[in-house]
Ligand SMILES: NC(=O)c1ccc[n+]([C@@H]2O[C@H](COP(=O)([O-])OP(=O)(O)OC[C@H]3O[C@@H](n4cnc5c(N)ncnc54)[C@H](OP(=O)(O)O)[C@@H]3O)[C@@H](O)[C@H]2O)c1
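As a starting point, one isolated chain is supplied in structure tokens, in the form predicted alone.
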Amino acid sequence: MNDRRFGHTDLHVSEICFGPMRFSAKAPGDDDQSRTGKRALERALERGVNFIHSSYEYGTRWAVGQVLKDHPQRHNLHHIIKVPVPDFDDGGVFDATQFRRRVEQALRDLHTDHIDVIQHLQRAQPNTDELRIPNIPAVHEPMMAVFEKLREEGKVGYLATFPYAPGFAAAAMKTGDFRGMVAYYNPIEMEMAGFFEPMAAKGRGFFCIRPFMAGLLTDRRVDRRRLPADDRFGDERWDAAYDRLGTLQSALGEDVTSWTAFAIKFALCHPIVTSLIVGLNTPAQVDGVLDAADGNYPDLKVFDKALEIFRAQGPVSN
């Protein structure tokens, strides 16, 4: 498993980050889903993955903890966790106690003494930039105070923003305190690609979420004509995404033989991308994704072509 450096920091992590979003049941137990998911995590660690993404919101951290508690590689792993403070219903008010509680909860659950990256989410109700951007100063100053204290205690490393939208991304990165960004990124969802060049110039890094666009960019679903009648990707809200996929297929010609593999390779072709956060539920999924992350990636001409199409046609909503 290849690794990459997070911007100009001293953090080196595997190109694939294990995402346990749906890899187990939400309540501790000995069910088939959870047993398979834990084997998937064990397989990922066996193959060199050293980076794990988690959140209390997923309800699956109990299973991650069971695997890691006595694992021989436990002290060599790196963690990124979601910390949504303020959350949707907090009225935009930052709660330093809640921020610290989320970090210390993760330390216990994951059997570690250090969280390498805090993925900060500033939320509102409704969750619009019109509400969130003006509230950045009121949130950011107290957040940095508690974050710096946690860092002095050795409990956290770096801060990254999950901006939701480009407007907030620009405002958040302008503070200078975020060492990088966590965001959706794939050949269709390229809203954040415009930040890559300026971020790279300032030594920032990028963590990719949703390289498969929720499963659309996989061999199982790329041909919409073959979807089962009850598949959610048959819904009309995905029409624009499939239209964009058709445009990409025409632009790329016959070069793509497996879209599952291509989605992984595409997301890793840009050097600013540090790691892909991928939901992995079975050992077979782990092997498929890690086999694709083999260091043999497209050159930036493919990135440029996808970005040209995105800029010409605009964002795809679904």
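Residue numbers run from 1 along the displayed sequence. Note that the structure is predicted; figures quoted are calculated from it, not measured.
Separately, the form predicted together with the named molecule exists; it is not shown, and the next lines address it.
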*in the predicted complex, do Tyr184, Arg220 and Gly288 all put a heavy atom within 4.5 Å of the named molecule?*
yes
*From the candidate stretches 265-273, 36-44, 53-61, 66-74, select the single one in contact with the named molecule in the predicted complex, where contact means a heavy atom within 4.5 Å.*
53-61
*Which pick from Ile209, Val139, Met192, Ala172 sits with a heavy atom within 4.5 Å of the named molecule in the predicted complex?*
Ile209
*Is there a heavy atom of Arg102 no more than 4.5 Å from a heavy atom of the named molecule in the predicted complex?*
no
*Does the 4.5 Å heavy atom contact test between Ala293 and the named molecule in the predicted complex come out positive?*
no
*4.5 Å heavy atom contact, Val256 to the named molecule in the predicted complex*: no
_Even though the partner isn't displayed, in the predicted complex is Pro166 close enough to the named molecule, meaning a heavy atom within 4.5 Å?_
no
*Any residue of 213-235 with a heavy atom within 4.5 Å of the named molecule in the predicted complex counts; write them all down in order.*
Met213, Ala214, Gly215, Thr218, Arg220, Arg221, Arg232
